[in-house]
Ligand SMILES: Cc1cc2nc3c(=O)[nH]c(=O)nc-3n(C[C@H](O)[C@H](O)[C@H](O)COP(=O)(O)OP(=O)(O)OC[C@H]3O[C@@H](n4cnc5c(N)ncnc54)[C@H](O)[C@@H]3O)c2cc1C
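This document starts with one chain, in the form predicted alone, laid out as structure tokens.
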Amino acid sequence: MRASVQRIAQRPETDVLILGGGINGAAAARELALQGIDVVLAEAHDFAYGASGASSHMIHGGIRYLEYGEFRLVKESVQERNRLLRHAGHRVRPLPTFIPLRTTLTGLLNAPLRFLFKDYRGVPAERGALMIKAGLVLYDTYSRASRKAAGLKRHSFLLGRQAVRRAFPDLRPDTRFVAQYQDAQVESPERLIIDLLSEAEDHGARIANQLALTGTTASTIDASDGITLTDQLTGQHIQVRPRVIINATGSWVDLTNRDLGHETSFMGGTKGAHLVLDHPQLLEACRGGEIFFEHQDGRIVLICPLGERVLVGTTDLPADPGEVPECSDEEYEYLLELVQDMFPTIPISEEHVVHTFAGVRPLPRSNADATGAITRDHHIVHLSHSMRGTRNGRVKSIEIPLLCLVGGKLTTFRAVGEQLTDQALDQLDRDRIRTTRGRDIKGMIRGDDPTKDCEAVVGSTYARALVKRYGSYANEVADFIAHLIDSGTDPDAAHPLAHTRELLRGEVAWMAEREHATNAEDILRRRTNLRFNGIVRQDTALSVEAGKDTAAQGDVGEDALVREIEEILEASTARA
């Protein structure tokens, strides 16, 4: 049995069981553990498997939500953005955002109609400079108190074609204005989730991935009923007996409720597809910031630097809850055309695309005709989950609070975790003992830089890479690698894998032992950016068989994972 699963099986009683290991489940686990609550988190796939690992990487207030009257959401979002810039600076950085505009007055009629009638569609008309100005004034007002502390500036405008041409020579020539403001970006939401989960484990949380809900089972022993969880790698079943259940499974919320015996229809959802381009000229044309605009069909588009790549998104199409989406051929062509339309003098082709991905936004079910009109806000629905068991020969009914998270943005994960925790504490009749509003997320670097400690083990180049990937606890990773070398477990632990300079052998062992990675997919997609950056080709299949084979014997082995990853890297290199 895997160690993470065994820790749960050995002590099945828990205060709170969280189902779902995305950003909101991870935030709730951290928040609850910091209150001294005994918490178990079970993720059916891998952490960040769903929408959390397929986002636009934006930490933003959502300026466009204002015209739909989402004032509470925008205020909360800009405040949470500013908190993340102060307390998660190793993951979240300020992002200059530029809105190219061609008109002055268009959109003035559509905006109030959208505000008054949420389902109003009308004829698509791009927002003009006056409309954007009004939105940015309100946007700045919401974050005035915390904006300066986060290092963000007020919005400004470039006025006139000549000024625009000097600053952005590659933009389409009919651009008359460029609005400029600052939001933020998270380069790796997946690693942010690992930080949250690691901090939760530091405070006693028990966490496992590849551990799926498979129902509730009536007990025939002298104990309460249990929630049945199944290890997807070994097929082993364990029981958990929680006092509160939190369903934070995103677009799978209704499907999870069904597995618990509840028929609900809380979730809707829309699909967002993205392209990742390796295009230095386009990267330079963005001038270090996000190009954010409205296409003539009314869809919002972003062209955004992300490391050495350019992220292009996104679509907004209806999707079935629980769907595992892919970027369709139509979406692929549509997004490429959008980039070419905005930068007509820069050649854009399929050769520049190194990665595609898509996710389903976990939105509330809605009758809105336009997907953009569906609220991005969240709410928590309370259900009562009944279980029956036998105690001393008598049937006993147990009512367990079931809290279902409906909706939730990447930006507001801390606030969502706080709200879920407060409601769980009410059910447990427990008091909050600390807040996370001013608390650094694990990995935030303050004071001593861990780079020098890492250099003694892996050298200067890889020391910087470790600090970028792990933040303040990079020295713990370096100590782990040193132990592998000194103990003879892996004398080559400080060496990179074959066919890449981006990942050390010892890191693979760390990710398997400390970050719950069970196969190459987990590491290449969700513990590193090797797939995102196109180092692992899109058409190279990732097998999970090595993870299953080794997990059947216990925990996943480093050697098996290293071999699997190196085979994939070799195949990618051969096809390049």
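In this text the structure is predicted, and so the values were computed from the model without any measurement. One-based numbering along the sequence shown.
Heads up, the form predicted together with the ligand isn't pictured, but that's what we're talking about next.
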Inset, instruction - Find out whether any non-hydrogen atom of D46 is located within 4.5 angstroms of the ligand in the predicted bound form, and reply yes or no. - result: yes
Inset, instruction - Give a yes or no for L317: in the predicted bound form, does one of its heavy atoms lie within 4.5 Å of a heavy atom belonging to the ligand? - result: no
Inset, instruction - Give a yes or no for S55: in the predicted bound form, does one of its heavy atoms lie within 4.5 Å of a heavy atom belonging to the ligand? - result: yes
Inset, instruction - Indicate whether the ligand has at least one heavy atom within 4.5 Å of a heavy atom of G417 in the predicted bound form. - result: no
Legend entry - Candidate stretches 158 to 166, 479 to 487, 365 to 373, 271 to 279 - the one whose heavy atoms come within 4.5 Å of the ligand in the predicted bound form: 271 to 279
Inset, instruction - Name the residue from R309, R147, H355, R361 that puts a heavy atom within 4.5 Å of the ligand in the predicted bound form. - result: R361
Inset, instruction - With the ligand left out of view, choose which of C454, A248, A424, L192 has a non-hydrogen atom within 4.5 angstroms of it in the predicted bound form. - result: A248
Legend entry - Sequence-ordered list of residues in 22 to 46 near the ligand in the predicted bound form, where near means a heavy atom within 4.5 Å: G22, I23, N24, G25, A42, E43, A44, H45, D46
